[in-house]
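Read the single chain below, which is given as structure tokens and is the form predicted on its own.
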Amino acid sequence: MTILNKVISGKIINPPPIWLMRQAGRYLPEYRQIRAESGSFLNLCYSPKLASKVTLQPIDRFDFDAAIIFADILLIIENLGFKLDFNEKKGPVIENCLINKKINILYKEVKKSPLINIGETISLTRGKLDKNKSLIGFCGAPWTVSTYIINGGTTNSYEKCIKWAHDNYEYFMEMINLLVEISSEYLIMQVEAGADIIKIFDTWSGVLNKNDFDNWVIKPTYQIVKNVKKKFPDVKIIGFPKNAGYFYEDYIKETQVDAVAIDPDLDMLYCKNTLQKLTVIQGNVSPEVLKLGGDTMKNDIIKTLDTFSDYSFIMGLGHGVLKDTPINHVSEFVDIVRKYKRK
């Protein structure tokens, strides 16, 4: 059993295991080189040999306790019939977005789609990764994925997205339910390929009210967890309802995830006194603090470790590594954690 699996199973290990969201990415020169060679972001995602190299780069450089497979949460939308592209400046672009016109939603099986390449990437990576290190597979949660489909890409106007979902509720829920099915199938394929931990990213859960959060975040996530656990009851699943605030408690209790990632805005004492008594938590140093470095970073890391080390805990960021983060800050981050001694 890997160190990450031991911790998620409830074992207290100090110093705790460490991995970072977006630990493979643009802040690394070796990543930028492979990205340039690949021709496009999608080509990189769908090239198992290149994606596996990128996945392992932060392991080779920083010796993290887990690798997370290099892919993107939006790849899955092509299985519903939406065309996906990535613009260097705008980010993801969905050509036939729903805010303009509803389309006929399709259902393409994961193993009969380009997503099978992600499974091959996982298999290649698992063969090269130390057996003591976890390999994390992932998907985007249905609500977060649907926001991109509705808006045609990234947006700051989630009020329009939420209104559209209510105005087209039957159609919207059909899409959510299909995303649950395909996401479950996708995650099961990833576990079959060699992932030993799964993470469900719900990046935009924090824009919802309680009722919509229950229906569009908790219920779909619970169903995905149930579907995956039916096939692989022992696989560990981490949930990440970013910016969910006090909805985290219901999320933990009702989705039945094995651990949660917590974002930087959550109060540490609330997390320790409430959330850590419900499940294993992962986080939550700010990516901005990592970018800043110095004593601010060191003090924040020590404070985080002092706060959470009485329970099972995974050390990491509250979101992904920023692209202009100095590499030496990440090295220092790891060094501080590894040298930490519990009081």
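Start at 1 with the first residue shown and count on from there. Please read these numbers as outputs of a predicted model, since none were measured by experiment.
Unshown form predicted in complex with ligand CP3; subsequent notes refer to it.
- In the predicted bound form, no heavy atom of residue 100 sits within 4.5 Å of ligand CP3.
- Taking the partner from the other structure, ligand CP3 in the predicted bound form has a heavy atom within 4.5 Å of a heavy atom of residue 22.
- Within this chain, residue 203 lines the site of ligand CP3 in the predicted bound form, having a heavy atom no more than 4.5 Å away.
- When ligand CP3 is considered in the predicted bound form, residue 120 lies well away from it, no heavy atom lying within 4.5 Å.
- Out of the listed residues 194, 264, 92, 245, 92 is the one that sits within 4.5 Å of ligand CP3 in the predicted bound form by at least one heavy atom.
- With the partner removed from view, the residue among 270, 171, 164, 86 that has a non-hydrogen atom within 4.5 Å of ligand CP3 in the predicted bound form turns out to be 86.
- Looking at ligand CP3 in the predicted bound form, residues 68, 71 and 148 each place a heavy atom within 4.5 Å of it.
- Comparing 278-286, 308-316, 31-39, 291-299 against ligand CP3 in the predicted bound form, the single stretch with non-hydrogen atoms within 4.5 angstroms of it is 31-39.
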